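First comes one chain, alone, set out as structure tokens in the form predicted on its own.
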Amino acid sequence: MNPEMIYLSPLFNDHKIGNFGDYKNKNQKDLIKIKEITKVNIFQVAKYKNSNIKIENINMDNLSFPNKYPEVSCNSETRILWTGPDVWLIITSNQNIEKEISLKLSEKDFAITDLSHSRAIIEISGKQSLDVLKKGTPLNLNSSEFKKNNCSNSTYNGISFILDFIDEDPLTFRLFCLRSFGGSFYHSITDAALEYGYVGE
């Protein structure tokens, strides 16, 4: 890449910094926080149906591949999301992951697709972030069904996205959608957050 090229994130023209909605007379720390996550690597890994390799014998960045819904394997740099039978997303800030993928996942057993520049990523956190999500998705987000380090495919007001439950204290979620729907998705999320007041970070 030309070092003089300017990186424009998927939400460059949409994400706003500051306080919005019903934030007045509220403690800043109690407001919902919304930010764009950028400059992470995203790889889709799909195991071919005719492959006999056992995914249980492979790890990536010292993580095993989760083998059922709605599991996520994670460490401080990398998260591996189960997104369907024999399909995973590797989401990482580890800059060496592509090399590790090429060494451990053979082309005869897996289809590897770099999705790094094709997804918009929103992180929403705070005690009322769950209420924002419930406004637009049919997912059952009750604590007994959906917990920290769970993920799921769903829709939000008709837009397909992946929900990744990052943390419980504070409640933190990452939302992934196609870059081409990023602006509409962002405005749908932020519009739902106005009722509670939010901080764009």
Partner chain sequence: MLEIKCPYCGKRSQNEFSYGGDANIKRPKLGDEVSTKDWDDFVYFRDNPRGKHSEFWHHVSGCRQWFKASRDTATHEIFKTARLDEDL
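Not measured: the values here are computed from a predicted model. Residue numbers count along the first chain shown, from 1.
The next section is about a form of this same protein that is not shown, the form predicted together with the partner chain.
- The contact residue chosen from 55, 42, 139, 171 relative to the partner chain in the predicted complex is 139, the criterion being a non-hydrogen atom within 4.5 angstroms.
- Between the options 155, 143, 59, 28, the residue in contact with the partner chain in the predicted complex by a heavy atom within 4.5 angstroms is 155.
- Contact with the partner chain in the predicted complex, defined as any heavy atom within 4.5 Å, is confined among 105-113, 90-98, 77-85, 124-132 to 77-85.
- Residue contact check for residue 69: one or more of its heavy atoms lie within 4.5 Å of the partner chain in the predicted complex.
- Proximity of residue 160 to the partner chain in the predicted complex: non-hydrogen atoms within 4.5 Å are present.
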